[in-house]
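In the block that follows, a single chain appears as structure tokens, in the form predicted on its own.
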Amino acid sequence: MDQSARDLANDRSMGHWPEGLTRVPYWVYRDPDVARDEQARLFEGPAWHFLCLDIDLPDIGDYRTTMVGAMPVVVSRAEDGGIAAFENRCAHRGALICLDDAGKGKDFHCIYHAWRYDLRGNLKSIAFRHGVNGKGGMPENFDMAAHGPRKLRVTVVCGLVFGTLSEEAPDFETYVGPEVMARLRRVLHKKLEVIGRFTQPLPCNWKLYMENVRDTYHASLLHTFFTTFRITRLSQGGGVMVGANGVAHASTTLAAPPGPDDTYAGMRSDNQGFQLEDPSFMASVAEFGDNIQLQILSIFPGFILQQIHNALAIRQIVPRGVDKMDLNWTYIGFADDTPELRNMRLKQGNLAGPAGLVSMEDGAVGGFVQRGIAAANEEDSILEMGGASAETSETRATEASVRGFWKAWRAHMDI
């Protein structure tokens, strides 16, 4: 552990870091110094970050802008047909090079002083480089090739574009691990299409949302849609897979057999008398060759892939300070979807998101925690459900994958 990590873990007034993976001090969700160190060690360090979809950039000159932590990034289809990613920052005075969410062009011009970059982020020209009427301009020995935004390594896996600034990051599949890679390929096994996008602001530290995603047993307690209509129970088959390094996880829930008199399982609540007006809302087809009705997969630090019945979505976490974050949602289908299946995906899209019948509570509960720990800098959260390790489990009544997140976080933060 280097000195900066010792300072982070031990020398601050709010307390030390407990041993093991079953306790997390609450100050890590509230301290600006932690957020600063995360940007350097996680988001600009040896980790892989979701940038966009390969299909977002079908032709040369197509681009999208995104974020890696606090760092703005441009992703483009370069002149040679490959995908390039670079920091969205002009090398001159630091202005954004690209202002739009997406678009198409031959190159990029900074609006401030018209420094021009090619599709790979290389500086190509400077306005008034040679001055005016022989006066002013840049020095004769100014080397444009030595100046430009930082470039990211890029990989494309299952139609997803990931990037990293670090040369020390392992290849993507090693980073994720073979078991979770198989779960990623299970869902993203053919050409994708985007069927919707939106951004959801959340009033909490980004780590609280990733903990929620990896918390495999809260769904049957927190989500009233599940509990009211008895859609998911821990007694159903499934489990949680955690990579050896804690970087990736995949939790699965097997479909329960339909009841003897229900067209769609669980659509009536015998205890409370509630019934869905349109039970076809939960109609689904088994399109992945197995009995998994729900899979949530995450890759540290900020990528989530969702399969809830036939509703498929990618979620990207973007920190916005110690107590705010954005959650970028991209709903997807496959290029060969039938009209009936596409309509099913669109209808089931209402399960998740800020007003989702299932996950509306996920957008609020992180804020409840953020408010609850406001004066608890010397206290710790408890992660003992299912033991003390971060290992694959055949039950979802465990916090193993949450502990896996903290295993990865501590490794990257050198704590």
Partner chain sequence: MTDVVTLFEISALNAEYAAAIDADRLEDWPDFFHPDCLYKITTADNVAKGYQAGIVYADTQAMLRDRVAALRQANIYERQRYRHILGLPRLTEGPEGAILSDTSFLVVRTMREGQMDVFAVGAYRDILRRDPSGAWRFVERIAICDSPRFDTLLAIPL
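What you are looking at is a predicted structure, and each value in this text was computed from that prediction instead of being measured. Numbering follows the first chain given and starts at 1.
This next part talks about the form predicted together with its partner chain, which is not shown.
- Residues of just one listed stretch (165-173, 289-297, 67-75, 274-282) have heavy atoms within 4.5 Å of its partner chain in the model of the complex: 274-282.
- Only one of P354, G61, G387, P46 lies close to its partner chain in the model of the complex, with a heavy atom inside 4.5 Å, and it is P354.
- A heavy atom within 4.5 Å of its partner chain in the model of the complex is found for one listed residue only; from C158, A255, I195, I126, this is I195.
- Remark: D326 counts among the residues lining its partner chain in the model of the complex, judged by a heavy atom distance of 4.5 Å or less.
- Its partner chain is not drawn, but in the model of the complex it has no heavy atom within 4.5 Å of R36.
- Residue contact check for E361: one or more of its heavy atoms lie within 4.5 Å of its partner chain in the model of the complex.
- Its partner chain in the model of the complex comes within 4.5 Å of a heavy atom belonging to L346.
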